[in-house]
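Single chain ahead, written as structure tokens, the form predicted alone.
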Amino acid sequence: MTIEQRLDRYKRTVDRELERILLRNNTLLFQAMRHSVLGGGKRYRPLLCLAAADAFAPEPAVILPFACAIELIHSYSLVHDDLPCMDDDDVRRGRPTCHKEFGEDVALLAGDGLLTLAFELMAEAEVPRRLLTKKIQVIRETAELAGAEGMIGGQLLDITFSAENATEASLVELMLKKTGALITASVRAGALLGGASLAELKAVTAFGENLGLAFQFRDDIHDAAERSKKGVPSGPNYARVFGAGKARDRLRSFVGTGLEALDRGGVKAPLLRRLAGRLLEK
């Protein structure tokens, strides 16, 4: 089986499990939650989680609840990001955003429901006794990296961003928190539950931090180009502030640095390397 086939199999597994989780109830709230999660998506973060575990001790059945939980956290953040009080977006993944389909009040609660369901999944996840301490660590780290000093803190930087006072350092800090934190949480969760050593975990963490930055640089390049075509202003965006050429250089640099971190730590991780390579494709 090729690397791409393995990743595709993991993605199908994640999609099936997310559908199973969200079909437990047919209330209006769960309908809105399903709308927000099951309407497409690359599942990049759960794939990173599964790929990181695969590099050490591939036990997808053990890792799957945590990978799905991270996707629920990501989806909740998108629902809230799309609200009129935030980015005020009408379309997400080619379909109406949650608040456009169900109303702002239901969308707000759908995001809340996805976030709390994520931690329910992780808390209920069955793991071998030897992994109980690691499970607790993953839950705590995910909460921290998705919380006020991680993703949510990055969202605050996003909505309070001033283009006039923008520096490269301030934009990178925003990216590290808003996008990079949950990507780092994804690879650390997989590595921890996969049994990585301290040195390997350090390498995977450095990879995740650089990959998170690369991911956001790629997103900024595409977003700036798309909004320029439509004549729509954009929020904090490296490509718009410092130019698409420099943004592409930084993207390649962060991917390279992330892969070098794996090399230094002796972590082969072919699936992680392929997921990093996808960021360099158009």
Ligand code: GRG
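A residue's number is simply how far along the shown sequence it sits, counting from 1. For clarity, every value in this text was computed on a predicted model and none was experimentally measured.
The discussion below concerns the form predicted together with this ligand, not included here.
- The closest heavy atom approach of Ile152 to this ligand in the predicted complex falls within 4.5 Å.
- Although the partner is absent from this view, Arg93 contacts this ligand in the predicted complex, with a non-hydrogen atom inside 4.5 angstroms.
- Remark: Lys42 counts among the residues lining this ligand in the predicted complex, judged by a heavy atom distance of 4.5 Å or less.
- Shown alone here, Asp219 lies within 4.5 Å of this ligand in the predicted complex, counting heavy atoms only.
- Stretch 66-74 is the answer when you ask which of 246-254, 66-74, 22-30, 47-55 has residues with heavy atoms within 4.5 Å of this ligand in the predicted complex.
- Residue in contact with this ligand in the predicted complex (any heavy atom within 4.5 Å), chosen from Glu120, Asp81, Glu144, Glu104: Asp81.
- Taking a 4.5 Å heavy atom cutoff to this ligand in the predicted complex, none of the residues in 118-132 make contact.
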